[in-house]
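Next up is one chain by itself, shown in structure tokens, the form predicted on its own.
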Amino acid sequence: MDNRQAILDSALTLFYEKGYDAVGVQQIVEMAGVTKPTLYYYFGSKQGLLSCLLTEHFARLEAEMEQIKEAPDRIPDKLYRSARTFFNLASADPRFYLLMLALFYSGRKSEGFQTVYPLIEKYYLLFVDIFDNASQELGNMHGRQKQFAVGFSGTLNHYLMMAAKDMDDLSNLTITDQEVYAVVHQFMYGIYS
């Protein structure tokens, strides 16, 4: 493993386990087996490291969500695929997704929140577009696409947090197809009612 990747892996582990604010650069470089100048060479700062970590991991979700958004599927199918994609990626890398959520719920002026917010907003806007594109199916949205996007993305995030709540070993975190179907079905029931 190269130095850059060792730093990213160490940072993810430490940020997830202790929280972004509780981790110092010295801890990260010691775990990665590198020096501070090496970290600063690659990332410029601790916040630069966090930004890179978040952006690289988030890119996979964003790419898949863009494909779903553009697909000609009906809204229930798009929501199922979106949920399945989110849960698959979260199960494959649960530390990242739980860290991302923890940062989002941190103090609004903190470095962590300031760094993660643009990605959370991008994720939310992808759902706004999915609902906006479904206006033929769902009728005139009248601004409800934003409410639906908040509701659906919030449901997925909360479901993930609850599924992982008591787990020490996140390698066993899985969300079954039946669970995904139930989440989407319940949400769709709310839209159509």
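Computed from a predicted model, the values in this text were never measured in an experiment. Residue indices: 1-based, along the sequence shown.
Just so you know, the form predicted in complex with another copy of the chain exists too; it's not on screen, but the next bit is about it.
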> Is Pro37 close enough to another copy of the chain in the predicted complex to count, meaning some heavy atom within 4.5 Å?
Replying inline: no
> Would Gln147 count as a contact of another copy of the chain in the predicted complex, using a 4.5 angstroms cut-off between non-hydrogen atoms?
Replying inline: yes
>> Against another copy of the chain in the predicted complex, would Ser91 count as a contact residue? Criterion: heavy atoms within 4.5 Å.
In response: no
> Is Ser51 one of the residues lying within 4.5 Å of another copy of the chain in the predicted complex, judged by heavy atom distances?
Replying inline: no
> Within 4.5 Å of another copy of the chain in the predicted complex, do Tyr80, Lys122 and Phe127 each have at least one heavy atom?
Replying inline: no
> Among 161-169, 127-135, 24-32, 54-62, which stretch has residues whose heavy atoms lie within 4.5 Å of another copy of the chain in the predicted complex?
Replying inline: 161-169
> Even though the chain is shown alone, can you say which residues of 7-29 have a heavy atom within 4.5 Å of another copy of the chain in the predicted complex?
Replying inline: Tyr16, Glu17, Lys18, Asp21, Ala22
